[in-house]
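For reference, the chain that follows is the form predicted on its own, supplied as structure tokens.
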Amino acid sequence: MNIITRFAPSPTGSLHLGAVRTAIFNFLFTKRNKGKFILRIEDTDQERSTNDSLDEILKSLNWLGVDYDDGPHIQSDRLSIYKKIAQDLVDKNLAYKCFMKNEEIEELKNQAAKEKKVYRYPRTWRDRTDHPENAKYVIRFKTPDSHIIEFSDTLRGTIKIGSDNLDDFIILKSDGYPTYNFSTVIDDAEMGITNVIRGEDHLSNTSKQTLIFDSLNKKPPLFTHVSMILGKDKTKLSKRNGSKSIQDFKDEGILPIAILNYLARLGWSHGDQEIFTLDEMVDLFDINNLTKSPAIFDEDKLKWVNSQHLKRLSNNDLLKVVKVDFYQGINIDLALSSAKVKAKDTIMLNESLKFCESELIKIGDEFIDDLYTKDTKEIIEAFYTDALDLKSFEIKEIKDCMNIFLEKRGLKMKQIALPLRIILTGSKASPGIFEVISILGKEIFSKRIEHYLES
């Protein structure tokens, strides 16, 4: 059987982490099985759907590298299909037109609330034929009585729900737009979707969708309802406890592969391995290794995963990520190799490499007390004199030179390393001091030291 999956976001806001994770699971599962991955945009909520949200979804997927094989299919372009099938169900007595007004429904809901009961539509129009002319109506599915609804879930086994727990739910709204449960079934059936991996919050929808599949004489896909992503406080992930958009993470210097890697590991595992390339995830992903245990989002862990991927990047690939205009004469390869060891994100990486952008740098006033004392200037000038005798500015030669210098003068490393770091980088945070000197090279090193000594 050819595997066909889909990712079907609603363009009502930014992609949240739960949606991105299900996209990743479907993507990896499909690629692993050499199937087809479809992108479908479920924009039937016209009040909340926007083109800006759609654009952000497409850009986020593209940036993440979650490539789809078909689509995007836009549901609002398919309204005539949903209307026709809804009418077909009415003609077969599997659905019916309901003319109950919103005011009547609200009154019934308020009455149920007063009586502390759960509101259920009272089937007022289920068997009536006295339809008013030119009146607005919705189409409701005729839920069978005393029927056991059964579907399979790869994580939870066979699930059975009694139809008496459901009311006659709406499948087509009065504005001609389908409801989610109706349109998603029509599209899954027509697109030949074989597997649906989604959040467990959709479990309550699956029984309704199974009824619709049955009414169409279509076989439902195999479902996998994965656990929700929770915040550290074990509550549903929200902006209050850490939820961010993909654009937020991009702006904070997180790599696409780090997000893919981290989110894939929230609910899936392969032994104790933590860090994966995309190819490794595709090769190793097994739907049977998904878990239904709640997944806890930990931003610190995401940043650690990001730092590991930064370290793994080749310098050629790293050059595509950093936004640094390296000055002529800078040892770019060494600069990148040194900076990525400590960087947790690309912002930190860029900051640590700013000293590589020009011949001279500006030293902030906050460093005056660290640099402009008689002892400090004497120490820097003496070391500078020794360094000028070096035949090469390789790290080993610089390290040997400094160790001899410190031993000869009875100094500690911090007495020279801190001021030297500030003079050469304009910061207290940078790659190691030996690496910094080697990165700059003899000419730029000399000009920055002389500029300091003359000030």
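Throughout, rigid core stands for the largest set of C-alpha atoms superposing within 1.5 Å between the two forms. What you see is a predicted model; the values in this text were computed from it and never measured. Heads up: residue numbers just count along the shown sequence, starting at 1.
Although it is not shown, the form predicted together with the RNA is what the next lines describe.
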Which one, 211 to 219, 189 to 197, 102 to 110, 327 to 335, holds residues whose non-hydrogen atoms are within 4.5 Å of the RNA in the model of the complex? 102 to 110
Partner-free chain; cross-checking the RNA in the model of the complex, the single residue of 165, 358, 385, 247 with a heavy atom within 4.5 Å is 165
What is the one choice in 126, 131, 236, 147 with a heavy atom within 4.5 Å of the RNA in the model of the complex? 236
Do heavy atoms from each of 42, 138 and 204 fall within 4.5 Å of the RNA in the model of the complex? yes
Would residue 266 show up as a contact with the RNA in the model of the complex if we use heavy atoms at 4.5 Å? yes
Please determine whether residue 60 contacts the RNA in the model of the complex, using a 4.5 Å cut-off between heavy atoms. no
Looking at the partner-bound form in the model of the complex, is residue 417 within 4.5 Å of the RNA by any heavy atom? yes
Any non-hydrogen atom of residue 88 within 4.5 angstroms of the RNA in the model of the complex: no
Can you name the residues of 294 to 312 that have a heavy atom within 4.5 Å of the RNA in the model of the complex? 294, 295, 296, 298, 300, 301, 304, 308, 311
Rigid core fitted, then: does residue 34 show a CA shift of 2 angstroms or greater between the shown form and the other one? no
